[in-house]
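Shown here is one chain on its own, the form predicted alone, set out as C-alpha cells.
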C-alpha cells in the first residue's frame, strides 16, 4: 500500500524554513508575491483598508439586494400555483390572512400544549422561540416574574401578577417600569410581531390623522400613579406620554401643568408628546403658536436638545391650523430654527409640510419639487412612524394638487430603489399611492406609456379599484387604442370585475371606438380579430352569468342595457359579423321592456342600412318595429326606404302596414 506524507508536518516544515524570509519581507514593506521560486524585489506599500463595522444582518441584506422584484410574478407569500394566485383585492387579503391564520393556529397549539414542545435545538437557548410560560394557581407570584413579563411585553400576564402582589412591597424601579408599561400599551396586549399580514392589512392613519381617544379613564395606569406616595418626574412623564399617545390630550395637559407646578423638568419624549397635542388643547391658531413657542423656550431653559421627532410633533400640530398663511409662515420658521441647531428633517417632516402647503382648497404650491430634488440627492433613514406616510401623500399631491406626471415618475423612481420599497407603509397607503399614480397617468400619458406602466403594476403589485380601472379604459377609448381592450377585458375577468355593469359599459364603449379590422392583426383568413373575439367573449360571459343567476335564483344587479347592446352591434357591423349583429337585434327586441337605456339611433340606422344592403327583410322590419315603438323620428323614413328598396312579400307588407298603422293610430289618439 502506498504511504502518504503527513500533510501537517509538511506545512509546518515549510513555514519554519521561510519564517525569517517572510519576517524580513514584511518589515521592509515589500509585497509577498511569488515570482517563480523567488520573491519580487520591487518595493510597494501595502495598503491595509480601514475597518468597516458590520452588523449581524449585513450578509443577509447583501444577499437580499441581489433579488429584484419581478412584476410578472405574484408576491412570494402566495403559492406559485395558477389556482392559488389571487388577483382581486379581496382574494389577496383572504389568501394572505388565511395563510397567516394557519400560523396563528400553530402558535395557539404551541402555547396551549407547551408540554409537547420541550426540545431545545438552539444553543444558546432562544426564549422567544419557546412556548410562553402559562400562569397557574400554583405559580409563585414574585417581583422577578413581573419584571420578566414586562421585559417580554406580556401585558395581560403582567397585570395579573401585579394584582396578586403587594404594590407597596415592590421596589420603586419595578413600580416605575410597570407604570411605563401599562401607560404605553394602555393595558392591552399588542398584535404579535410575527403576524405581519394582519399588520399589513390593518389600515392606519385614514382620513385626517385625527387622534382618537382610546385611553382607559381611571384605569390601572392612573391607579398606579395615584398610589405612589412620592410622585417622581419619571412617573409624571410616563403617564403624560401614555395619555398623549392614546388620545387623552386634556388629561395629559393637566398632568403636564401639575408636573411643572411641582418643579419637575419633563424629558424629551414628554415635550414631544405635548407638542403633538398642542393643536387639541388650544383651539385657535394664535394660542397654538403661543403654546409651541412657550414649550420650546421651556426646553431651552431646561437644556434639553430637540430631535427630529420634536420637529415632526411641532409640524403635526401646525398642520392642524386651519389658516393657511399662519401655518405656512410658522412651519418655515420652525424648519429654519431646527436647521440652525443641526436637526435634519425626515420623511415624516416632509409629509407634514405637504399637508401644510398643499391643501385641498388652498393655492397651488411647488414645495414637493424641492423635496424630491433633495431626496434624489440624499434619502434620510427611517426615524419616525410618520415617515412611511410620505410617499402616499406625495403621490396624492402630484395627482390632485400639481397634476405633474414627470414629478410623479421621479417620485416613483425613488420608491423603486431597493432600500426604499419598505417605505410604502401598509396596504391602505399602498392603495392610495398606486391609485393616484395610475389616475394621473390616465390623464397625462398616451396609451403606450400608460399600458407599459399598467402592465408593470397590475395585477401582482397593485389591483386597481373599479374607478381606477374605468379611468384606464376610458383613456384608452379616448385615443381609440382599441388594440389594448382585449387585454383589459382579460384583466377584468381575472380581477373579478367582469360582472360589473359600469366596467362592461366602458369596455364596450372602448371596443366600439375603433374604426374596423386592422389587417396587421390578422395574418390568416381563418384567424379571428382580437377585438371581434373580445366582443363575442363579453356577450357569452354576460349571458352565462345571467343564466346561472336565474337558475340558482340569485339576485344580481347586472342587466343588459341599450348602450351595451348598441356598442356590441356596432363592433359586429364594423367587423362584418352579420350573424352576431342579428343576434343583438333579436336580444334588443326580446328585452326592450327591461333595458335601462335605449338602443342608440345611430347604431340602429347602421344596422338597418346593413339589412337593406343584404336584402334581409325580416331583420329590417324588426329594426323598424323597434324604432316605431321607441318613438324614433327616423321610423317613417326607414319604412319608406323599406318599401322602395326591399323585396317584401305579401305577409311582410301586411306586417309593415300594421307597424305603421299602429303608429298612426297612436298619434291620432294623442
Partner chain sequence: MATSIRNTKMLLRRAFSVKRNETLARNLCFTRTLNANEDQDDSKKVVAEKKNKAELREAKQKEAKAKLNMLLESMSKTTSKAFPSESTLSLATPKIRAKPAKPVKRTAVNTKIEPEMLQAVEDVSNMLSKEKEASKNSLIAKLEAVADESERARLEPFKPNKQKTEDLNSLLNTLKVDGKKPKNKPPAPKLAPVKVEDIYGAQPSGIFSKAHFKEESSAVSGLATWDMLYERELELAVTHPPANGFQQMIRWTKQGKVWQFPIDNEQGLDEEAQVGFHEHVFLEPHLKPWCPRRGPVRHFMELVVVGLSKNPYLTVAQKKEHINWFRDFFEAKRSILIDTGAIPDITTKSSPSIST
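Here, rigid core means the biggest group of C-alpha atoms that superpose within 1.5 Å across both forms. Positions refer to the first chain, counted from 1. From a predicted model like this one, the values you see are computed outputs, not experimental measurements.
This next part talks about the form predicted together with its partner chain, which is not shown.
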{"query": "Candidate stretches 460-468, 578-586, 229-237, 531-539 - the one whose heavy atoms come within 4.5 Å of its partner chain in the model of the complex", "finding": "229-237"}
{"query": "The single option of 547, 297, 554, 113 touching its partner chain in the model of the complex, heavy atom within 4.5 Å", "finding": "297"}
{"query": "Of 565, 451, 285, 423, the one that lies within 4.5 Å of its partner chain in the model of the complex (heavy atoms)", "finding": "423"}
{"query": "Close approach of residue 56 to its partner chain in the model of the complex, 4.5 Å, heavy atom", "finding": "yes"}
{"query": "Its partner chain contact in the model of the complex: residue 151, any heavy atom under 4.5 Å", "finding": "yes"}
{"query": "Interface membership of residue 384, its partner chain in the model of the complex, 4.5 Å heavy atom rule", "finding": "yes"}
{"query": "Contact test in the model of the complex: residue 269 vs its partner chain, heavy atoms, 4.5 Å", "finding": "yes"}
{"query": "Stretch 53-83 - residues with a heavy atom within 4.5 Å of its partner chain in the model of the complex", "finding": "55, 56, 57, 59, 60, 61, 63, 64, 67, 75, 76, 77"}
{"query": "Core-superposed C-alpha of residue 70 shifting 2 Å or more between this form and the one not shown", "finding": "no"}
{"query": "Rigid core fit then residue 57 CA moved by 2 Å or more between this form and the one not shown", "finding": "yes"}
